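Read the single chain below, which is given as structure tokens and is the form predicted alone.
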């Protein structure tokens, strides 16, 4: 288990503004509608976001998780609050609070991290860790950190590593990205219950309905799952910047999390350099199936 992010603080030690945001998040999770709308997981979550608009005005927006019989159509509490704030024109997030009623201390999933990162990577994060409204205080940018490994140039790689790099570069050309203009490819090395290993490939596939687009890493991982290869060994994927914050999209990291808490990840640049990292490093204090 990775260490939880942030510094512990009792509710009484928070500022009045922070206390109000925490209360709003807890209320969003505890209201009856939240229980009914999380019927599939029985995991009510509430979130509250303090956001600022272009005029410098600040407001608090709250949201709960709303589930759907067709699971991908559901929405998490954090994204519910975030999209409401954005719709109202409050797109500069300042403080984000999240409360998991059943499992206090739960951290935002990878997809929510991606949305929060878009609107406020420098915003404060208050994760409620108990029913006394104590929190762990951190920053949104810590949810999707950069890889810290050393850059390895192509000439210094082993023959096996070069083959993987060559293959992922070749795959990138097969991407269908007329809208995002961001070709991506990934290779996912996994094992089945007999210990057999196999590499699965994926490319990004844009859709005119943007939400229906598929990301290269997720395509590769789900192909492995379909073939019965459920033990993750390594994910090799293309990135724009080897040491950028958020080098792999949060949704893909969350899909990888379902295979386990930690998997080796190799980031490959367009110049054929690479960095070794891990799921634990890129998705710290992650939300996984054991929380449900």
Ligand code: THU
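Model, not experiment: these values are computed from the prediction. Positions refer to the first chain, counted from 1.
Here the subject shifts to the form predicted in complex with tetrahydrodeoxyuridine, a form of this protein not shown in this document.
In the model of the complex, residue 115 stays away from tetrahydrodeoxyuridine, with no heavy atom inside 4.5 Å. Interface membership of residue 65, defined by any non-hydrogen atom within 4.5 Å of tetrahydrodeoxyuridine in the model of the complex, is confirmed. In the model of the complex, tetrahydrodeoxyuridine stays beyond 4.5 Å of every heavy atom belonging to residue 231. When tetrahydrodeoxyuridine is considered in the model of the complex, residue 31 lies well away from it, no heavy atom lying within 4.5 Å. Partner contacts here mean any heavy atom within 4.5 Å of tetrahydrodeoxyuridine in the model of the complex, and among 187-195, 207-215, 174-182, 77-85 they occur only in 77-85.
Applying a 4.5 Å heavy atom cutoff to tetrahydrodeoxyuridine in the model of the complex picks out 287, 292 from 260-292, in order along the sequence.
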